[in-house]
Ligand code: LLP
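As structure tokens, one chain now follows by itself in the form predicted alone.
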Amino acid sequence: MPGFRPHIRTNEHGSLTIGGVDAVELAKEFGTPLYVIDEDRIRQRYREFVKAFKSLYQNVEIKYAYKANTNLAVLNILRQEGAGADILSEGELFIAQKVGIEPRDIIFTGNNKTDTELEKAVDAGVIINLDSIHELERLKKVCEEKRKCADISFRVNPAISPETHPHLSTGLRESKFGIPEEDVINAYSLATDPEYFRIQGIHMHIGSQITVSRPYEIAVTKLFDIAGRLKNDLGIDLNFVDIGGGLGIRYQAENEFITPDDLAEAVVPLINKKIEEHGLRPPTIFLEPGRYIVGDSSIMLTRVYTIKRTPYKKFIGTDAGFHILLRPILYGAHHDVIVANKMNQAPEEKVDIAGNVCESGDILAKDRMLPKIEKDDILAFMDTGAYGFIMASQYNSRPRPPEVLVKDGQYDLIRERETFDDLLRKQRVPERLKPAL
């Protein structure tokens, strides 16, 4: 059993346990596919992040990245821990308000915000993180119409490589995200109208699943040099500097990785140096972790139904496909797979794990060494808490799975399995198309 997942263990029956609960028993009770989330692991990972940065810098706030996982139980765990919200849509704003996050603790960072989203953000009184000068112009019209003043920041594109998968890189020069570094000062100068805008901070987010500190060091240096220019050129002393999220997790034992301590030790000295160099009032540092906090808290359970040999491969067919776990086909992502009911058995055969979606690309795992697989074995896909259920769909008319929260040997159903009626919900058939009775 990989030692880097201390919350995943083996019980006396040779079954996988998470949060002290037998995963095989959960599969029996709730069926498969099934997502299982460990509450204590979420709390632990959040506290690691807070401790790492607050031990080196006094004013730090965590804005959990809602896009990673918006299950209400997860969000309430993080609210209890003190997390704010990094949101990207009107829907995420709605959810953050339902959870009870204070407006001052919400930063709305989506690109290509609609007019309605800008209006809702102004009404809610959250920080609006602007992605372009055009968005600033649109926001000004909203503020004029509503006769309100908005708290704002700008997202900077630092034009650096985060050294991650291309689909996860958001800070490249050619990225759709953020304002180019050379245009940022102009953007802030256009926002110095106190009737409509209260400039609060500056933001960057360079990518996701980042496992080295060097890209952060370069980006933080650029960001604070811009903050220095804002003070010296425009007299703007920022209240916060948001250095984004993106810290990666170990999807495999051999993966390169850094810890929150490593990241804090790399960037906080640079922050302090730049504060002194530019004569800045020390700003609050915002961080936006998502994957790091929830990624390895969860597993996805799926049942084996078909065992199929070809001249080239042995396929293991399960009741989960890419409609349940999209990351393998979207990013070529690797998730370790464990046979939950055979934890004490040694690997003995190489297999591909095939989903049940009618697409040739629906392969959830390739060339995995596993114990001998039999029908009704329960496979556990590791580290599915981030971008797992949140990206699930009803493709092939398959209802989405339930979610269960585990803690100290107890468990709670926190999302019911969808029914076939849910597949048709909100649809309407014109009378002229209905069958005659």
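Treat the numbers as computed from the prediction; the structure is a model and nothing was measured. Residue positions are given as counts along the sequence shown, with the first one as 1.
The next section is about a form of this same protein that is not shown, the form predicted in complex with the named molecule.
Which one, 113-121, 98-106, 316-324, 283-291, holds residues whose non-hydrogen atoms are within 4.5 Å of the named molecule in the predicted bound form?
-> Only one stretch passes the 4.5 Å heavy-atom test: 283-291.
Applying a 4.5 Å heavy atom distance criterion, does Pro158 contact the named molecule in the predicted bound form?
-> Although the named molecule is absent here, Pro158 would stay clear of it in the predicted bound form, with no heavy atoms inside 4.5 Å.
Should Tyr196 be counted as a contact of the named molecule in the predicted bound form, where contact means heavy atoms within 4.5 Å?
-> No, Tyr196 is distant from the partner.
Examine Pro260 and determine whether its closest non-hydrogen atom to the named molecule in the predicted bound form is within 4.5 angstroms.
-> No, Pro260 stays farther than 4.5 Å from the named molecule in the predicted bound form.
Determine whether any heavy atom of Asn341 comes within 4.5 Å of a heavy atom of the named molecule in the predicted bound form, and answer yes or no.
-> Result no; Asn341 lies far from the named molecule in the predicted bound form.
Would you confirm whether the three residues Arg41, Arg250 and Met382 all fall within 4.5 Å of the named molecule in the predicted bound form, going by non-hydrogen atoms?
-> No residue of the spot touches the named molecule in the predicted bound form.
With the named molecule left out of view, choose which of Pro215, Gly84, Gly355, Gly245 has a non-hydrogen atom within 4.5 angstroms of it in the predicted bound form.
-> The residue in contact is Gly245.
Looking at Tyr411, Tyr387, Phe53, Tyr46, which is the one with a non-hydrogen atom within 4.5 Å of the named molecule in the predicted bound form?
-> Contact check passes for Tyr387.
Enumerate the residues of 329-347 that have a non-hydrogen atom within 4.5 Å of the named molecule in the predicted bound form, in sequence order, or give none.
-> Going through 329-347 in order - heavy atoms within 4.5 Å of the named molecule in the predicted bound form - there is one hit, Tyr331.
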